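Shown next as structure tokens: one chain only, the form predicted alone.
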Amino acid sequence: MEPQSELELTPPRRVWTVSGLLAQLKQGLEREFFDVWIEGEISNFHQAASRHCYFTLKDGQSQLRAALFASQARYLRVKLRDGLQVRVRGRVSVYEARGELQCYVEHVEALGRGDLQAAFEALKEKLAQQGLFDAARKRPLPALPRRIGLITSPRGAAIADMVRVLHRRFPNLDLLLYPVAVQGEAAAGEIATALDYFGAPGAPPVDLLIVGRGGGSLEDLWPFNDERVARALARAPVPVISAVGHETDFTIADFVADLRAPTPSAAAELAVRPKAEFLREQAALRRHLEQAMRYRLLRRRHELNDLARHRAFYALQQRMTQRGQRLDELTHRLERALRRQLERLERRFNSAAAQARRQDPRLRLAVARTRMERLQERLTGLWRERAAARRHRLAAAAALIEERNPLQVLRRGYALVFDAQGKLATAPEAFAAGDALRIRFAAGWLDAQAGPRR
């Protein structure tokens, strides 16, 4: 028998389709976990329009998606909500459309509040006792904010929705984004820092703040249940709208803020009315003001006409006419007197001006300047004459010095003899044989030694 090759011994490879593998897993799970009890805390609860309920069961380490259909939900005696600790009965299967593990719930028993819900209620009660939720401290929103500060994630759907709605309602509204994390451990600190930033000196002024994010589970929204965020909201310098999650989501920030919006889009709609409404109101107010002004002017005109026809006004008009005539006469007399006075003053001024021109110091300065220029020319001439004479005397002295220069004599073939001490010798007797001497020619020096005298 021939040995089989290694390729023939390898079992054939089985390739699954995604749907086939998920269907096989679903059958196995439903056979093994067709009736189980699970304890956990409800999170991210949502009820659809079909009355089906969808939520997440979680504990400290893991979470599991769950669905409760309307046919079973109508028999519940428990109102499901985020943070509720429950025990559910159902079957575990695979939701093939998304490939997710899911529990199909048939029965729910309430066990109490979860840890996060208990922490939420405790902080809510504490801040309520301190007055952070009081309606008296809530500030009204500005009628027309010029600049709105947005505190949210720069990459989430919330910022896109708010910007779109705000620009649609009031296109030239000024928006200022302070980007923060809206979930995770660092989110609460960043949100509180952003709120304090707008109240710090040197920060750009805003008229309104919107802080929030889109929907999510209780854990996702937990930064907005942080005490630091709550107290930063309470000391915010301008009114704040809290826009966290969906309509059914409530956080501590919603209770502290000046106004709660069910969604970020709704916050944008609450922040500013459409510009068209302001324009319509402005036009209506302008029409009402014009009508009121026309009516009041008409009434005042009728009253003035009635007063003008009164006899007292006729007598007053006569007196005013007479006084006006008298005023014209006095005015004419005053004008003539002023004209004569002005003529006298003009003559005096012209006389003083002529005298001033005669004594004008500028004329004296011109004469003095002319005399100074003449004296300067004479002084310059004298200096030049003296300089020429001195140059002539200097040239004569130089010629005399040059004529008496001893070097001139040496150039004719003479020489000067000096002893070792540099003393000029005038006779041969000044030297003994062997004495050192120096001879000065016109072109230089020569060292020599005296020989015997002859």
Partner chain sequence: MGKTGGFEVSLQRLEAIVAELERAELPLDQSLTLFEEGMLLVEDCRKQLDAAEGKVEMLVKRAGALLPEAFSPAGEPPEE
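Model, not experiment: these values are computed from the prediction. Residue numbers count along the first chain shown, from 1.
Heads up, the form predicted in complex with the partner chain isn't pictured, but that's what we're talking about next.
The contact residue chosen from Arg235, Arg139, Lys275, His107 relative to the partner chain in the predicted bound form is Lys275, the criterion being a non-hydrogen atom within 4.5 angstroms. With the partner removed from view, the residue among Val78, Leu144, Ala73, Leu123 that has a non-hydrogen atom within 4.5 Å of the partner chain in the predicted bound form turns out to be Leu144. For the marked spot (His52, Leu132 and Ile191), a heavy atom within 4.5 Å of the partner chain in the predicted bound form is absent from each of the three residues. Proximity of Glu100 to the partner chain in the predicted bound form: non-hydrogen atoms within 4.5 Å are absent; the residue sits far from the partner. Residue contact check for Gly184: none of its heavy atoms lie within 4.5 Å of the partner chain in the predicted bound form. Interface residue remark: Tyr95 is not counted as part of the site for the partner chain in the predicted bound form, having no heavy atom within 4.5 Å.
Contact check for Asn305: every heavy atom lies farther than 4.5 Å from the partner chain in the predicted bound form. Picking from 212-220, 260-268, 123-131, 144-152 the stretch near the partner chain in the predicted bound form, with a 4.5 Å limit on heavy atoms, gives 144-152. If you take 153-175 and check each residue for a heavy atom within 4.5 Å of the partner chain in the predicted bound form, you get Pro154, Ile159, Ala160, Val163, Arg164, His167, Phe170, Pro171, Asn172, Leu173, Asp174, Leu175, in sequence order.
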